[in-house]
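To begin, one chain is listed below as structure tokens, in the form predicted alone.
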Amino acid sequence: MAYKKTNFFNYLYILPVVILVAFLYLYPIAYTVYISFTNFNLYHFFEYQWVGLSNYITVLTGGTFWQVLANTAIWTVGSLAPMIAVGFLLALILNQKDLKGRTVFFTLLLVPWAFPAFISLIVWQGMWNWKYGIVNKVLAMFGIRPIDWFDIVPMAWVMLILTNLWLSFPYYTSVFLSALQSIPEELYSIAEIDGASRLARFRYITLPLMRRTIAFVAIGGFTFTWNNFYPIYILTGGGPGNATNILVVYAYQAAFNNSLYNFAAVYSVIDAVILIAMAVIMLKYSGVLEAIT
């Protein structure tokens, strides 16, 4: 009896933290879900009413949602694939023991991290300018005519993905390099003595031992990139039209540009549900959870 009483008082010590977390974390989520079922907008700012599934039906039966959802998938997959490929390739290069000056190279690779992403994006915005930007000036040296990166949809995607690659590859390189350096060197030495080629050592030692790290980085990168707000908001604002708009940017614009808080909440809820479902599926089939636990 005394033991149970002691346990009860132990739980009371963490009660303030539980209440604080519930208020700061759960309350905004619950309120967002709630207003997604109301007509809360500029015209019903102080007196809004419950409208049931009306907002969800309006969003899901409209064409804009599916376009924005497809854009989000393009943005996520299109960004993630080169980020992982470039990060892994650079990590393999920097992991070479006989590479001279690799500390200097690694330091230089971290330069994109040294600047706030917001500032970097503003600089890149000027660099992509079709008339004054350095990108078109460099292309002109090879006889390529200036490209309107902001108004031509395929070029806008190329611009966004390349900019995001520049911002993100240091993280992927660092994680992959750390994982590569944790592989015991003896494995490579034994394989080399057995006559295994460099390609064979990569295929039968490096890749199997890096599989869980790649899966972990891919899942983390997927969830982060899916809701990576700033590149698209600053560079294109989702334009031209909604051609490069993604769910999180569209939700922000619905709330703070058009005062449609109910529809912004609907987009946010659907965005979160899709992302959670995909993250759970990827965690289940990648085996990352088993590795952690």
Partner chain sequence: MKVWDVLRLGISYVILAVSAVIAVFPIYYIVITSLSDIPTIASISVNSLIPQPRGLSLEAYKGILFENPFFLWLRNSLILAGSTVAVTILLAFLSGVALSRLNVPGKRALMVTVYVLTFFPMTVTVLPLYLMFATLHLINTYYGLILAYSSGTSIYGAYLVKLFVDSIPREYEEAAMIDGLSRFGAFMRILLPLSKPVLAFLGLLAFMGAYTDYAMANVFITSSNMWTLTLGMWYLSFINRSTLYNVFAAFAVLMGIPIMAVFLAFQRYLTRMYTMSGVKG
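Positions refer to the first chain, counted from 1. Take the two forms, superpose them, and find the largest set of C-alpha atoms that agree within 1.5 Å; that set is the rigid core. The model shown is predicted, which means the values in this text are computed figures rather than measured ones.
Note that the form predicted together with the partner chain isn't included here; everything after this is about it.
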Tell me, please, which stretch of 68-76, 202-210, 127-135, 153-161 lies within 4.5 angstroms of the partner chain in the predicted bound form when heavy atoms are compared?
127-135
Candidate spot F37, L60 and I144, all three in 4.5 Å heavy atom range of the partner chain in the predicted bound form?
no
Is Y188 one of the residues lying within 4.5 Å of the partner chain in the predicted bound form, judged by heavy atom distances?
no
Flag N55 as yes or no: does it have a non-hydrogen atom within 4.5 angstroms of any non-hydrogen atom of the partner chain in the predicted bound form?
no
Determine whether any heavy atom of A243 comes within 4.5 Å of a heavy atom of the partner chain in the predicted bound form, and answer yes or no.
no
May I ask you to check whether I29 falls inside a 4.5 Å heavy atom distance of the partner chain in the predicted bound form?
yes
Contacts with the partner chain in the predicted bound form - residues in 59-85 whose heavy atoms fall within 4.5 Å:
none
So that I can tell if V273 moves, could you say whether its C-alpha shifts by at least 2 Å between this form and the one not shown after the core superposition?
no
